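Okay, so here's just one chain, in structure tokens, the form predicted on its own.
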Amino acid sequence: MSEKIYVGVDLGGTNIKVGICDEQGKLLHTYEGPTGAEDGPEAVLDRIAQYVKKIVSDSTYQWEQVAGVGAGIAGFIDLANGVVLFAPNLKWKDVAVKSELESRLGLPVALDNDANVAALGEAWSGAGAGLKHIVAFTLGTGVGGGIIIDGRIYQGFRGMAGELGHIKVVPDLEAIQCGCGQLGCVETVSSATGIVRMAKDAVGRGEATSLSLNETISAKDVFDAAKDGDEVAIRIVKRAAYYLGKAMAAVAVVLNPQRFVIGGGVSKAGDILFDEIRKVYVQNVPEVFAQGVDIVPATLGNDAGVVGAAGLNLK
């Protein structure tokens, strides 16, 4: 049995998801268990090692076939040294994850942030499979991103590359402050949070809409209302798509990816969002940057992180 397998760890604040992938990036087995972040980093690292050992022992594969373990973590990471500098959802600061897990497992361990590994997962065996140059946007509570060049994550000088949600696209007169402290980031209008904020503002102004503050408004509610012809909701969706398309256009003239992959909860909106993004993108790039480039929804869903983490050890 010489086939290599790759183990990925998606470390969340509540749960740890572990998966085994084959050499083609096919997810073969998964296991999920509690994080128990309140017990501190040492206990969490013990659990990760326990879950990795369990998933391999429960499979038909041998420990010797594991090429390495990768972990995706939401936070700021010193990639060169494998240290999590700060992970807000875990309340971790300066945790030497790479060396600690390597000592527990006796295997090579690689780390990256959650958005980068999700992009790598889509590039390996998801919506970007077979392509070497893709850019992924993740539209959820915020806007995350990942850049894949020549099949590998592009990390930049300090591992900060791919913070696509902080491309400033909204004009100052219309801009609001982003969580990063800057004004006008695409995250403020194209995330689920931004879409809900614009909807609440419209309802609060008394605009004629089927949306109501008497109920908890979600991004899905806004998209559903737009599909039903609600003019306020349509305007909000178009605004979110417009600035996302503008951000993609800015990325395109620098990186020239073959495909943009959009994941996260907001990406489930379908054609009402994607058609508008594609239109805006084409309008904002020179024609040569539009030729052969497509904008598609992600396909791996919640598995993107664990698949991408497994792929961190691809050679």
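From 1 onward, residues are counted along the sequence shown. Here the structure is a predicted model, which means the values were calculated and not measured.
Below, we refer to the form predicted in complex with another copy of the chain, which is not included among the displayed structures.
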Looking at 189 to 197, 121 to 129, 91 to 99, 151 to 159, which stretch has residues with any non-hydrogen atom within 4.5 Å of another copy of the chain in the predicted bound form?
151 to 159
Does the 4.5 Å heavy atom contact test between residue 218 and another copy of the chain in the predicted bound form come out positive?
no
Heavy atom of residue 284 within 4.5 Å of another copy of the chain in the predicted bound form:
yes
Residue 43, heavy atom within 4.5 angstroms of another copy of the chain in the predicted bound form
no
In the predicted bound form, does residue 107 come within 4.5 Å of another copy of the chain, counting heavy atoms only?
no
Quick one: from 167, 203, 83, 232, grab the residue that has a heavy atom within 4.5 Å of another copy of the chain in the predicted bound form.
167
If the cut-off is 4.5 angstroms on heavy atoms, which of these, 289, 31, 61, 274, is the one near another copy of the chain in the predicted bound form?
289
Since the partner is left out here, which residues of 178 to 193 would have a heavy atom within 4.5 Å of another copy of the chain in the predicted bound form?
180, 182
